[in-house]
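Starting off, we have a lone chain in the form predicted on its own, written out as structure tokens.
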Amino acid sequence: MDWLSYLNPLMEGAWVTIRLALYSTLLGAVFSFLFGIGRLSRSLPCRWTSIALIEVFRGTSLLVQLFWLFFALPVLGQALGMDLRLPPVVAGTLALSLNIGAYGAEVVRGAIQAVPRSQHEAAKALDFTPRQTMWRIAIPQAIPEMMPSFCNLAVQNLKDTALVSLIGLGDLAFQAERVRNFTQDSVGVYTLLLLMYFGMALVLAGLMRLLETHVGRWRARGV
């Protein structure tokens, strides 16, 4: 087989990787805000729950988290009389999004805390409630500061998707390994794999920079 003949199965895997990266990045952004804002909550149960989740998912390996969700969770569910089996795509998306959410939560927390104290005092003078201050003053000003870090996390998440091949999900890394096993052409297959991940990372980084620019203009207009 020549290198061009490898492209068909690799492109099929690349499409799975793109969808997985998209789903997990979007869900990870949601977890980032939930955990990050929860860590700043005045409610002790909410704050400590957020801290616990952040530390667990930052302090353990993504690979272990993935294996736990896919292999250990069904066993636990069986012991409890429940069916907790997750399809590979769900387990992969959940593990990736929780992991990126834990790291993103610190980005959210830091950006919100970086909003000048005078803004909070002005909101208080206008008789804003703490919730109104958070959602109408702090978060809109903090979002542009989060964007560079979120761009890095999104690219890192794209590269981390390769781990889902270990639970049988037919992503780019999984398809590349199948082709390599069939052809024994490690140089050709892994070179294409390297270039395809690099290309997807460049496109994703470019899209995130466009989003960052758009958010910066949105902030400049004072919206």
Partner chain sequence: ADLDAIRDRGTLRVAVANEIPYGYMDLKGEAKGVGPDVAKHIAKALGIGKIEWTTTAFGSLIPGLQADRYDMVAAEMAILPQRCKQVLYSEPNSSYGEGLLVAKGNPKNLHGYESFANSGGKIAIMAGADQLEILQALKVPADRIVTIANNADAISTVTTGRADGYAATSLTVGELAAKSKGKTEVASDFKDPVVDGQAVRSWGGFAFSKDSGALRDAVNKELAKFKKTDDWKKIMSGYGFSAEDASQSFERSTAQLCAG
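Just so we're clear, the structure is a prediction, and the values are computed from it rather than from any experiment. Numbering follows the first chain given and starts at 1.
Note that the form predicted together with its partner chain isn't included here; everything after this is about it.
Student: Quick one: does Ala154 come within 4.5 Å of its partner chain in the predicted complex, counting heavy atoms only?
Tutor: Residue-level check for Ala154: no, no contact with its partner chain.
Student: Is there a non-hydrogen atom of Ser43 within 4.5 angstroms of a non-hydrogen atom of its partner chain in the predicted complex?
Tutor: Flag for Ser43 set to no.
Student: Taking heavy atoms only, is Trp48 within 4.5 angstroms of its partner chain in the predicted complex?
Tutor: No.
Student: Flag Phe31 as yes or no: does it have a non-hydrogen atom within 4.5 angstroms of any non-hydrogen atom of its partner chain in the predicted complex?
Tutor: Looking in the predicted complex, residue contacts with its partner chain do not include Phe31, since no heavy atom lies within 4.5 Å.
Student: Does any residue in 44 to 74 get within 4.5 Å of its partner chain in the predicted complex, counting heavy atoms only, and if so which ones?
Tutor: If the 4.5 Å heavy-atom criterion is applied to its partner chain in the predicted complex, 44 to 74 yields Phe70, Phe71, Pro74.
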